[in-house]
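So this first bit is one chain, no partners, the form predicted alone, shown in C-alpha cells.
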Amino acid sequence: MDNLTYISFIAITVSLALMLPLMEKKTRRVTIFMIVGIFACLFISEVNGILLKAFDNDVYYVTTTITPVTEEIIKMLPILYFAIVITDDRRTLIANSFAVGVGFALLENVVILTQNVENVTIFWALVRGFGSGLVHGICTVMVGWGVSYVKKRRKLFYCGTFALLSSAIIYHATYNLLVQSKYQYVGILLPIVTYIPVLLLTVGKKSKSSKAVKQ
C-alpha cells in the first residue's frame, strides 16, 4: 500500500482547498493557514522519522526532547513571516496561529491513527482531539500573540521571538513528558486548563471591541 501519510494529506488538503473559492476573505485566510499547518506536519513528520531512526527508535527520548523543538520551529515560521511581511494585527495573528496549530494536529492525529489503527479507542480519540489539538494550537497562539507585541519593539524583537519560541517548546515538551508518565491525566488536563483563560481573554476583547464600534 502507498504511504498512508501522503494519502491522508492529499485527501484532507484537496477537500479544504476546494472550499477556498466559496469562502469570505477572513474565513479563507484562516483555512489557508490550516492547510499551511497540515503542510508543516507532513514536512516535519519526514524530519522526525529520520531523527527517530538516528536515535535508535527511542520514541520517549525523541518526543520529549527533539520533536517539540523541530515542530515548534516549523510552525512558527509562517506566523513570523505573516507578522513581518503582511500584518502584525493581534486578532489576525491569533486566528492564523491557532489555525496552523489545528491543521498540524489534524494530520498528526490521522497519521498516528493509521499507524495504530488496531489499538485506538474513543478515549484515545478524545485525548488526541483535546490534547494534541489544543497543545499545537496554544503553542502557535503563544508565539503569534507575543510576536504582535515584540514586532513593534525593535530592541525586543529578536530576543522576544526567541523567548516566545522557547516557551512554546517547553510547554510542548512538558505535555509530551506528562502524557507518557504516571501523571498522564495531568498532561491531558494541561492544555484544557490553559485553553480556557486564552478563550475567555480573546472572547472578552472581541466583545469590548464590538461594543466600542456600536457606540
Partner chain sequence: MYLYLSLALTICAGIGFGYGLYRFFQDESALYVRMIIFSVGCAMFGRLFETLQYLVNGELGSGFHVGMLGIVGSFLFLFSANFGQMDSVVDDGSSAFRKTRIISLAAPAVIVAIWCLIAVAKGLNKTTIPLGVETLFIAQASYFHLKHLIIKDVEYGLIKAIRSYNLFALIYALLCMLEMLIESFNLPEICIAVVYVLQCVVLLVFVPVLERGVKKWTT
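Numbering follows the first chain given and starts at 1. Keep in mind that this is a model prediction, so the values were computed, not measured.
Here the subject shifts to the form predicted together with the partner chain, a form of this protein not shown in this document.
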item	value
Proximity of Phe162 to the partner chain in the model of the complex, heavy atoms at 4.5 Å	yes
Contact test in the model of the complex: Phe43 vs the partner chain, heavy atoms, 4.5 Å	no
Contact flag, Leu177 vs the partner chain in the model of the complex, heavy atom cut 4.5 Å	yes
Residue contact check: Ile169 to the partner chain in the model of the complex, 4.5 Å heavy atom	yes
All of Thr27, Phe82 and Trp124 with a heavy atom within 4.5 Å of the partner chain in the model of the complex	no
